[in-house]
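The form predicted on its own is given below as one chain in structure tokens.
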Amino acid sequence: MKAFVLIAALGLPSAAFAVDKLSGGEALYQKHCQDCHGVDRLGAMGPALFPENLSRLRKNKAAKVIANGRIATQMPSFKATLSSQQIDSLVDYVYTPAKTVPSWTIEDIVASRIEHFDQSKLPNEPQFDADPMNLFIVVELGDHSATLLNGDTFEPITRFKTRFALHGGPKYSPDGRFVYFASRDGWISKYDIYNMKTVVEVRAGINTRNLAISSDGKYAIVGNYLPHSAVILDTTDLSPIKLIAVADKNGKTSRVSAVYNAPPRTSFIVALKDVKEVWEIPYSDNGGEERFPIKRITTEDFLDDFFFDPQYINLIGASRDNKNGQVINLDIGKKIATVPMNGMPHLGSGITWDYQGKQVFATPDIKDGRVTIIDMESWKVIKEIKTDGPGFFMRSHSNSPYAWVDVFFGPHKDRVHIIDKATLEIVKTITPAPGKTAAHVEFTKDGKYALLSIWDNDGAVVVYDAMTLKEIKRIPMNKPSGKYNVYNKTKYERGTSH
């Protein structure tokens, strides 16, 4: 029996993969893992599975992940489905090197590019009646679609198909006209909001984490798990400018955890998964001999999760295996403080606000039921707020007195807590759809309304008055996940993730 690889669907040369007789582990992979981790372990909704991508995960821990699932991911438990021998066989398979390590060169990127519409021939004004800065893109995971939502009337303007398994959140051009999507399998799509059309797409990698857009709107950077690369694109037509092979100063290669735009610094920040470095890549002055030079910052530990202060001077990072966070000053390139953090804080969902004359940072925890509040001057923990379970997303707005946090991973995943930012107390807990996961709040441009997702195929976006906390409207949607307001994202509102 032969396993025929879907080479055409992946856009990869057939010589890159050998077709072997199915082993026990490979058969188990195709039955239980392929839908999420992709044909030939190349990644899809879940990451690629090769020894090169599993360097920080020992085999015994991998077996536990398969058996018990993984916190803060969609990885389910298989202990009721597979025997311990089957799990060991599956582990052996995913730790077996590929016959040929998959690659994706700049020539492959160029060849993959698809131009759907000539952007120069499209109108430069919105072809609908709405405030272009108070629009939302709502990602609907249920059928891989997105809705363009009017943030004043809460009426959908249009709904369109996206690539499979979007990841990392869409990013807007500074003027809000274009939105860029990254899919797990490496496709970058440029959507013209004004004309409601996908204008161009390119495949920047095989297994991609996310993308970021420069503050001048000229460049996009894409971070990949596979291959170990970062790719810089010209946003005009998504043509590749530079492919950066990601490795530390000693040549050890690494996956890219995430890429970020740092507006005050006019640079990109690159988080590395497998080496103890953080990179800063300036994009403001690229007329020199080396375009997009790399500034390396050595860290004491791996940093899996990140947060930046509003000035983008300090980076707060943490490893999932460590109970402490590191505060790294990007100006001097050194650690300046250690933040005690129990559990597994989700720093990427952190927000800031002013509390008793100080700027504080708040983060949910994806392992334990708590929200941690940290003084951003002393870097001391001010308070830990007990919640009804582990949470994933936390949101607020500068014009709102409240911060909203879900309990995404707990048994009470249908609940959302609302915290008074002045007292650091939970003032209300809502259950918008009993038994269904409620998560990911985003505010309108002015902060008057909060939009919350019911993560179900028969789900909805629920609109609340952000002051009275009363429900205003429900908009039926197919497993809506993130909602992204143009103004809040382009202006880097303190209450939302960046």
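Residues carry their position along the shown sequence, with the first being 1. From a predicted model like this one, the values you see are computed outputs, not experimental measurements.
Separately, the form predicted in complex with a small molecule exists; it is not shown, and the next lines address it.
Candidate site formed by 184, 210 and 489: every one of these residues places a non-hydrogen atom within 4.5 angstroms of the small molecule in the predicted bound form.
From the list 240 to 248, 152 to 160, 194 to 202, 257 to 265, the contact stretch for the small molecule in the predicted bound form under a 4.5 Å heavy atom rule is 257 to 265. Interface residue remark: residue 455 is counted as part of the site for the small molecule in the predicted bound form, having a heavy atom within 4.5 Å. Residue 482 belongs to the set of residues with a heavy atom inside 4.5 Å of the small molecule in the predicted bound form.
Among heavy atoms of residue 308, none comes within 4.5 Å of the small molecule in the predicted bound form. Residue contact check for residue 415: none of its heavy atoms lie within 4.5 Å of the small molecule in the predicted bound form. Though the small molecule is absent from this view, in the predicted bound form it lies within 4.5 Å of a heavy atom of just one residue from 126, 176, 343, 169, which is 169.
The single contact residue among 279, 392, 283, 180, judged by any heavy atom lying within 4.5 Å of the small molecule in the predicted bound form, is 392.
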